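First comes one chain, alone, set out as structure tokens in the form predicted alone.
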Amino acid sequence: MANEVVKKEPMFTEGYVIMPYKYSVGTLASKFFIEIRDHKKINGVKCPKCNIVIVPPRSVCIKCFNKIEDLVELSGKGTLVTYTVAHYDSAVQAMKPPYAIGVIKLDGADTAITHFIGEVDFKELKAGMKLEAVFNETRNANILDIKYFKPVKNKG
């Protein structure tokens, strides 16, 4: 009888579990978010070996795998590479639809950052347009301290 399998009916219960956790983004990303929070500055990292500039920063070069330690300041302006407009709603979204999200290659960077696009008619969005960062008034040292990127107004 010791090896006999006892069959039991599954039991179900409704409820929820609170699972607080902390996530460390590391030294470079911490500096990246602190600079956005405290100075409204977007930084990347420049590989000392192959000279590519990566944003958001990484501690290892994505091209040559060299260690990277120093931040370089970027202007906060860039070019829209591609975009999409979201029309569906989800509890995990940071913004209510409809909203646009774009891949933006910041001036001076070799990689791109994905973020919201604001202050624009969605019909006017096009790859190649120039954008600039708009920062939230209250910042908490996370990526949403950048409220969105908006089109750069042409002077003249």
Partner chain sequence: MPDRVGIVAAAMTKFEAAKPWQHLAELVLEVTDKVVEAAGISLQKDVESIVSCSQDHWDGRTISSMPIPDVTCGHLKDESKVADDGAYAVLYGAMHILSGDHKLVLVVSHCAESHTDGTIIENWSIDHIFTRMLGLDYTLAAAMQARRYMDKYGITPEQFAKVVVKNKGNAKKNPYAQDSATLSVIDVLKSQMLADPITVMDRKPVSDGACAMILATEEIAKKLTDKPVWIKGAGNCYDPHFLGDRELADCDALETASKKAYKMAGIKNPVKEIDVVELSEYYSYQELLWTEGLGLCKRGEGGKFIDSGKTQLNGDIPVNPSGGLLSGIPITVAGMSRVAEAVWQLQGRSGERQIPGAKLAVAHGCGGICGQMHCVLVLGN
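For the two forms, the rigid core is made up of the largest set of C-alpha atoms that agree within 1.5 Å on superposition. It should be emphasised that the depicted structure is a prediction, and the values quoted were computed from it without experimental measurement. Residue numbers count along the first chain shown, from 1.
Beyond the structure shown, there is the form predicted together with its partner chain, which is absent from this document and is the topic of what follows.
Visitor: Which one, 46, 37, 130, 58, lies within 4.5 Å of its partner chain in the predicted complex by heavy atoms?
Guide: Result of the distance check: 58.
Visitor: Mark residue 143 yes when one of its heavy atoms lies within 4.5 Å of a heavy atom of its partner chain in the predicted complex, and no otherwise.
Guide: Judged by the heavy-atom cut-off of 4.5 Å, residue 143 is in contact with its partner chain in the predicted complex.
Visitor: With a 4.5 Å heavy atom cut-off, would you call residue 29 a contact of its partner chain in the predicted complex?
Guide: Yes.
Visitor: Does its partner chain get within 4.5 angstroms of any non-hydrogen atom of residue 93 in the predicted complex?
Guide: Yes, residue 93 is a contact residue.
Visitor: Would residue 51 sit within 4.5 Å of its partner chain in the predicted complex, counting heavy atoms only?
Guide: No, residue 51 sits far enough from its partner chain in the predicted complex that none of its heavy atoms falls within 4.5 Å.
Visitor: Heavy atom within 4.5 Å of its partner chain in the predicted complex: which residues of 22-50 qualify?
Guide: 23, 24, 25, 29, 32, 33 sit within 4.5 Å of the partner.
Visitor: For a quick test of reading the superposition: does residue 137 move by 2 Å or more at the CA between the shown form and the other one, rigid core aligned?
Guide: The answer is no, as the C-alpha of residue 137 shifts between the shown form and the other one by less than 2 Å after core alignment.
Visitor: With both forms fit on the core, has residue 12 moved 2 Å or more by CA between the shown form and the other one?
Guide: Comparing the forms between the shown form and the other one, which are aligned on their rigid core, residue 12 does shift its C-alpha by 2 Å or more.
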